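Next up: just one chain, as structure tokens, the form predicted alone.
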Amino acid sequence: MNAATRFAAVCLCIAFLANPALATVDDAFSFALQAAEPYVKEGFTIREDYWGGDLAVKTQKAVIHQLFKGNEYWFWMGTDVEKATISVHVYDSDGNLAENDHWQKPHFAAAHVKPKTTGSYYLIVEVEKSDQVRTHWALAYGFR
């Protein structure tokens, strides 16, 4: 096997190994969108951008996002791990809990906020429980 053939084989293996990881974040995003469906019927517009990745159990990740006074927001989190318990909470720039409501269901979570001021807010996502070493998650949001 020459160097070019070996290089092509390695690239092909990397592509096959990388695709399952992307598919699970895509699956988690599909669950986040599924959680959003009832809110779209209430007039919320879902943004195209979203956040995602994987976390170990009892690990949090902070996502900083600009929110505007006068708007209302829902953040929907999903995972492809059916037995996982996940959460999302919204904090203001002073570290105070800013959400008006939140809920959790198996492999779903959501938080609702009506910001009192325009500014940067912290979305704290966490995998609370999972039977996986690392659990893929995605966070979508909508506003009205």
Partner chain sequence: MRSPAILSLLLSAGVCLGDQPPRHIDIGEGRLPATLIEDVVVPLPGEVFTALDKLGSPNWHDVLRPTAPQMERRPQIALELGAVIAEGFIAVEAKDAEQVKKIGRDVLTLANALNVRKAVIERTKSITDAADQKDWAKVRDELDKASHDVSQAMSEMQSQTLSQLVSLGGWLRGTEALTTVVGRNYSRDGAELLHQPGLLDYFQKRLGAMDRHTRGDELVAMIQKRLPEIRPLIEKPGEIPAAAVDQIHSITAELVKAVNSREM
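Positions refer to the first chain, counted from 1. Since this is a predicted model, take the numbers as computed values, not measurements.
The next section is about a form of this same protein that is not shown, the form predicted in complex with the partner chain.
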query	finding
Contact test in the model of the complex: E42 vs the partner chain, heavy atoms, 4.5 Å	no
Any non-hydrogen atom of E99 within 4.5 angstroms of the partner chain in the model of the complex	yes
In the model of the complex, G119 touching the partner chain (heavy atom, 4.5 Å)	yes
The partner chain contact at H65 in the model of the complex, heavy atom, 4.5 Å	yes
Contact check for F31, H112 and T135 against the partner chain in the model of the complex, heavy atom at 4.5 Å	no
